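Quick setup: the structure tokens below cover two forms of a single protein chain, split into structure 1 and structure 2.
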Structure 1
Amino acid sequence: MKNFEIIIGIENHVELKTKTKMFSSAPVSYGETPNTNVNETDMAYPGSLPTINKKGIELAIRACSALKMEIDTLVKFDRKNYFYPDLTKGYQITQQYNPIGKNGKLIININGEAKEVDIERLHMEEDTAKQIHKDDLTYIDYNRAGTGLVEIVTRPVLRSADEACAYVEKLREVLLFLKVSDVKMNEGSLRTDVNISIRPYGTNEFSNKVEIKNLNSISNIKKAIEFEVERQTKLMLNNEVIIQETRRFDDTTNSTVSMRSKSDALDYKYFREPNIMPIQLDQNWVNECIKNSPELADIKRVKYTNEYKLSNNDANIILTSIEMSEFFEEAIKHTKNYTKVANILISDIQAQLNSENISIDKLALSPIHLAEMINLVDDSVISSKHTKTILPIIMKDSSKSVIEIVEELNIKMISDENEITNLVNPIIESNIELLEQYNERPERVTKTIMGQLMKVTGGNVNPEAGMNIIIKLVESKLK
């Protein structure tokens, strides 16, 4: 296998996070009752005409800008013609001839080394209907038909499965933090097609290109490429022809299966979309779209580690979820203890989210409540162990402030000197024999008294203040 160079190009279809579809005003919403988010344009009723979603264009511009692309401000669309039930019109509106973005790049990290991935183009188009094939019938749900997509195509510059995975992961992160898309591979809002060919090192001729369509997870991308490289290598070593074809990945057998060969590939007969005139975008508006783009994860990562002093690992865990990072950033507006916020988010809160399989924005917990709780610990109003009591309450109910909960539960720490003195004195009186050990084993004496003090107060004494008073009273008693 080492005698062959691997050549990979990737195409990603990304569903745009808009309220309405790209060319119609039907709503975009995942998981609705089939065929309810549909209107006349999606169903190609006679007389219906497409209109362009402004937000869809804005999201495409954000993506182009983050991928360092040249942006074409004269927006034109084309028709890709094919007769198939997933598009009622008989054609897909796309940008074959004038993609909105071209000649971009994305830096990926491979084993600590940066690699620049050339991106050929980014164009806008519409998604197709969802089909479920069962027995002799195909069941069609047109809710997805017409949802805005951007297709992002790399040049064939990737050289291994790991590079391909790193590219898709990085692209996913960029699009997620730009709020261009939900990029949920399992729900199909990010779909990956991989083109693979191989060639013996030192030669210029590629083998025929094989496309693997619709890979729905990073691990499947890796497995599909590794299988395909091995399959093509065996064919080449046996002097067999690698057929140019489209294959799909079967995750039950971890292998790729042929779908169709080039010989019966469709001719799409592209032409300009006559129902949409070219649209000249206002350069000032384009500049505003770029200026108002949300902050990228890379910028946040630097800030989290340099400014907020989080470890790389903690920063990366928080940055795996946009909701988590937004929560973190809101919480640290109300407390200076950034590390504590990160620790609680990553441990207790993440465990709760995992067990309920939800994101943090679905919890009742507000960033202000979390910050308030941390501040109460830092100000010695409550002990850190009480966070375990308070957290489950504030994760479910945001109607009360943390201090109200603390007062209701009577878990405020006792720091008042007189109050502690009054509590410690009777304990000392009933342990007079113990004090005799103080000169030899002072720690044993003070810790025993502290244990009893905590027992009578339900652990609510400020440990530092309590210990100081215990030492003071014991020593005065022994004088």
Structure 2
Amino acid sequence: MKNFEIIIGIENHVELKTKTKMFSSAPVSYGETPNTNVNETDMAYPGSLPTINKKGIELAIRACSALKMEIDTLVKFDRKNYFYPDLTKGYQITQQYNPIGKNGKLIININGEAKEVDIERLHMEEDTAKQIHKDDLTYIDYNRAGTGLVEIVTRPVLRSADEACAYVEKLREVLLFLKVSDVKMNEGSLRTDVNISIRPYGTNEFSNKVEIKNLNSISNIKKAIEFEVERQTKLMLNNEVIIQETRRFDDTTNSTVSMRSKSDALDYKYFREPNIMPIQLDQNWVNECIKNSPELADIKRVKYTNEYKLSNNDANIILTSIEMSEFFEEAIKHTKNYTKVANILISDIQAQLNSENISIDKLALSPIHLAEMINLVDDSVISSKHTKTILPIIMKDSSKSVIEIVEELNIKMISDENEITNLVNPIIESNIELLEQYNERPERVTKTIMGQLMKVTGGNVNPEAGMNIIIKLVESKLK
């Protein structure tokens, strides 16, 4: 296998995070009853005409800017003609001739080294309906039909499965934090097609290109590429022809299976979409779209480590979820203990989220309540161990402030000197003989008294204040 060079190009279909579809007013949402989020345009009823979703164009511009692309401000659409049951019109509205973005790049990290991946184009189009195969029947859900997509196409510059996976992971992070898409591969809002060729090192001719469609996880991308490279290598070594075709990945056998021979682009007979006139975007509006783009994860990562002093590992864990990142940033507006916020998020709270398989925005917990709890610890109003009691409560109920919960549970730490003195004096008086050991074993004496103090107060004495007063009273007694 080492005698062959691997050439990989990737196409990603990314569903845009819009409220309505790209060319109709039908709502966009996942998991609804089939064929309920459709209208006459999605179903291609005679006389229905497409209208452009402005938000969809804004999201495409955000993506183009983040990927360092040249943006074409003259927006034009074309028809890609083909017959398929998931395409009621018999054609798909796309941007074949004038993609909104071209000539971009994305930096990925491979084993500690940066690699620049060339991106050929980004174009807008509409999604097709979803086919569901059961037994010998095929059902079609048109809820997805017409949802806005951007297709992002790399040049064939990737050289291994690891590079391909790193590229898709990085692209996913960029689009997620830009809020261009929710990029959920398991729900189909990010779908990956991989094109693979091989050639003997030192030669110029590639083998025929094989496309693997709709890979729905990073691990499946890696497995599919590794299988396909091995399959093509065996064919080439046996002097057999590698057929240009489209294949799918079967995750039960970890192998690729032929779907159909690959059509050339000319077979689609593209022509201009006559129902959508070219639109010249205002450059000021384009600039505003770029200026108002959300902060990228890479910028947050630098801020988290340099300004908030989090470890690289903690910063990366928080940045795996945009909801977690937003929660963190809101919480630190109300406390300066950034490290403590991060520690609780990635330990106790993450464990709860994992057990319930939910994101943090589904908890009742608010960033203000978490910050309030941490501030109460820092101000010695409660102890660190009390957070183990309070946190499960505020994760399920946001109706009370943390201090109200502390007072209801009577777990407020006692720090008042007079109050502690009044509590310690009787303990000392009942342990007079113990004080005789103080000169030889001071720690034994003070810890014994501290233990009794904690017992009578239910552990609610401020340990530092309590110990200072114990030492002071014991030493005054021995004078």
Partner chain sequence: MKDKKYYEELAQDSMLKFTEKEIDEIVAKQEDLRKEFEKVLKIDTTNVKPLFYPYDDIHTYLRDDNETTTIDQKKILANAPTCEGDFVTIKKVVK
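In this text, the rigid core denotes the largest set of C-alpha atoms whose superposition between the two forms falls within 1.5 Å. Structure 1 provides the reference sequence; residues are numbered from 1 along it. Note that this is a predicted model, so its numbers are computed, not measured.
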Just checking, which of these two is the form predicted alone? 2
By the 2 angstroms cut-off, has the C-alpha of K54 moved between the two structures once the rigid core is superposed? no
Does E70 shift between the two structures by 2 angstroms or more at the C-alpha, the core having been superposed? no
Verify the C-alpha shift of V474 between the two structures: is it 2 Å or more after superposing the core? yes
Using a rigid core fit, what is the CA shift at R441 between the two structures, in angstrom? 2.5
